[in-house]
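Only one chain is given next, in structure tokens, and it is the form predicted alone.
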């Protein structure tokens, strides 16, 4: 019953988002062009690198193209489902407008994380999916149905990890009252996720696999696609996702307790 209510609520979010996006068509098409330029720049960058070397971090050009296309897809999922909500949350906190969302008879975390669906980025999500399909089709070897299925599941897990990390960097706005919390710091460090995880070693690699698990966004899914999943990887992933979500719930609860609402 509760899940059905949340499902109907999310469908209303979708209908409102698409109707509003079509009212501002210049912005709609501009965002599509902007993301396509981002895709093109990254594909050209790696193509130029592979003009000088045969492998990077042990991956050939075909493997790296699948990896970067996987990152495109995770980024497009985030831009479509979560990014606008991350942008609005600091505004609502600083204005005191968060009150209107906290009194609604649904989970405030659900409502504030998903109410804004970026219809224009949904088009880019389809483009990113097309690039990934192209990259997989160009791979000379047989990747296998099981590895492809594992890759798909891990890409969705990577999108979840990306969302939770972004929100954790935004939530300090409750105490700092800055324009974006630490959102700009998050955008800077996500550059680390745009490179194959094999280039990182030692402490840096351990941090990026556990404490700040950016390697799980796209690199580990690509590793699983090429080499298969292991029980150790599954346990590691469950611990990372469970730990991150647990931290998010604790920080979110504390943030709401410390929130200086407009009525206080």
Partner chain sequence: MSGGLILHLIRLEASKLMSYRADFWITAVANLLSTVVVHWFLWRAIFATTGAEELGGYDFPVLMTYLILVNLIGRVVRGSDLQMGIATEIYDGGLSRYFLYPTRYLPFKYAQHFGSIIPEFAQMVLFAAILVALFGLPAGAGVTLTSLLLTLPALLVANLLYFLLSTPLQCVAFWADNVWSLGVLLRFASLLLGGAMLPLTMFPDWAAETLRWLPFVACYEFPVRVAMGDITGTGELLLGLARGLGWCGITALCTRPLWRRGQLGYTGVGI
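Positions refer to the first chain, counted from 1. Computed from a prediction, not measured in an experiment: that's the story for all the values here.
Another form, the form predicted together with its partner chain, is not on view; read the next lines as being about it.
With the partner removed from view, the residue among 127, 173, 114, 192 that has a non-hydrogen atom within 4.5 Å of its partner chain in the predicted bound form turns out to be 192.
Not one of 139, 148 and 165 is positioned with any heavy atom within 4.5 Å of its partner chain in the predicted bound form.
The chain is drawn here without its partner chain; in the predicted bound form, the stretch among 218-226, 66-74, 234-242, 29-37 whose residues come within 4.5 Å of it by any heavy atom is 29-37. Residue contact check for residue 55: one or more of its heavy atoms lie within 4.5 Å of its partner chain in the predicted bound form.
Proximity of residue 108 to its partner chain in the predicted bound form: non-hydrogen atoms within 4.5 Å are absent; the residue sits far from the partner. Although the partner is absent here, residue 180 sits close enough that one of its heavy atoms falls within 4.5 Å of its partner chain in the predicted bound form. The closest heavy atom approach of residue 44 to its partner chain in the predicted bound form falls within 4.5 Å. If you take 196-215 and check each residue for a heavy atom within 4.5 Å of its partner chain in the predicted bound form, you get 199, 200, 201, 204, in sequence order. Here's the thing about residue 181 and residue 92: their CA atoms end up at least 3 Å farther apart in the predicted bound form than they are in this form. Annotation for the pair residue 181/residue 116: C-alpha atoms recede from each other in the predicted bound form, by 3 Å or more compared with this form.
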